[in-house]
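Below you will find one chain, with nothing else, as structure tokens; this is the form predicted alone, and questions on how it binds or moves follow later.
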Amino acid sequence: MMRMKIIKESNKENITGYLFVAPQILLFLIFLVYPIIEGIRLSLFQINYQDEIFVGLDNYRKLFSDPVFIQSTINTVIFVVFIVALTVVFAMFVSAAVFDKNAKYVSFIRGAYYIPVMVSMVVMSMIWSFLLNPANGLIPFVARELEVASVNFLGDTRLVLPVIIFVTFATNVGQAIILYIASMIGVPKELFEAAEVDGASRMKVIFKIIIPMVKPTTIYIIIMNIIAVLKIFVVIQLLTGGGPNNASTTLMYYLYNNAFKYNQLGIASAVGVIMFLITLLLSIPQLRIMFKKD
């Protein structure tokens, strides 16, 4: 009798818990799980305005025989590698240099780097478009006034990728700096005091104390930036339109063109599935490291 009473009380507590998490689970299923399943289904069909024709893996075969898709994949990988590496290294360097300084100075650094993050990516892209436009941009104008050979940064296939990498990095790095500074301020002061007593140099403090202690933040920044860079679209649309000669086309821009310009919804869904798998493969090892017990 007593056991039945305990089981009933336990079930009552469990039901209360399930009711609290039910709205979140419902939203998760509707807005995340269902779109993924529907995207996988659509990637197996040839879709026009009236019919859906099952074509199996033909959409994927077309993708891997399309040189624009191959170029888009290579460009996306380049963006991910360089933007994520630049963001982590630069944010770590700036944060390690200022986190233990005067509070007002740290606040100034936080504000200075975070201002671009608060501005819309559309606005930032328009500003950079104004600066780099070869016809009437500020930078080409100054170059002409100084009688320096003007360079078309957005029209040169060798320069367009570095320019977009720099613009995206400069716009987003502030968020990583804020996270790193907050994480470094939370490192126990006893560790720094012990290092000071032992006469450890600044470099040893950074490599032996700071970097290991902020590892969860580093992993979080890497994962979030990989996902953000895989979705890079606005800066491509406003600065280059994927050009010149598809030199700056990314997977997301390729997906957009197929879905909304060429009406190839099956192809676009296949690209979305591939991007989902890439994100999953890149995130799983890092999540395993993050949750691994030392």
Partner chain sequence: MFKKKAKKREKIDIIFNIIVTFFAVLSLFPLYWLVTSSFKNSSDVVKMPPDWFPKTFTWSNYTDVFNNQPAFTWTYNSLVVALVSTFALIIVSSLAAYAFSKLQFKGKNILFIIFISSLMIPKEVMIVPLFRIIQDFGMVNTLSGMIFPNVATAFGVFLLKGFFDTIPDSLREAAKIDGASEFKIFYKIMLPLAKPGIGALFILNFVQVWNDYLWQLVVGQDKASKTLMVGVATLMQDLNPNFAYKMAGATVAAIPMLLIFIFFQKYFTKGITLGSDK
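Each form is matched to the other, and the largest set of C-alpha atoms that superpose within 1.5 Å is called the rigid core. Computed from a prediction, not measured in an experiment: that's the story for all the values here. Positions refer to the first chain, counted from 1.
The following text describes the form predicted in complex with its partner chain, which does not appear among the structures shown.
The partner is absent here; in the predicted complex, the one residue of 109, 165, 209, 84 having a heavy atom within 4.5 Å of its partner chain is 109. Of the residues 89, 159, 138, 74, just one reaches its partner chain in the predicted complex with a heavy atom at 4.5 Å or closer; this is 138.
Among residues of the shown chain, residue 244 is not one whose heavy atoms approach its partner chain to within 4.5 Å in the predicted complex.
Contact check for residue 175: a heavy atom falls within 4.5 Å of its partner chain in the predicted complex. Its partner chain is not shown here, and in the predicted complex it never comes within 4.5 Å of any heavy atom of residue 54. Within this chain, residue 262 is remote from the site of its partner chain in the predicted complex, having no heavy atom within 4.5 Å. Proximity to its partner chain in the predicted complex holds for none of 62, 68 and 236, with the criterion being a heavy atom within 4.5 Å.
Looking at 163-192, the residues that come within 4.5 Å of its partner chain in the predicted complex, counting any heavy atom, are 175, 178, 179, 182, 189, 192. Relative to the superposed core, residue 140 undergoes a Cα shift of 2 Å or more between this form and the one not shown. Expansion of the residue 26-residue 220 CA spacing by 3 Å or more is recorded in the predicted complex, set against this form.
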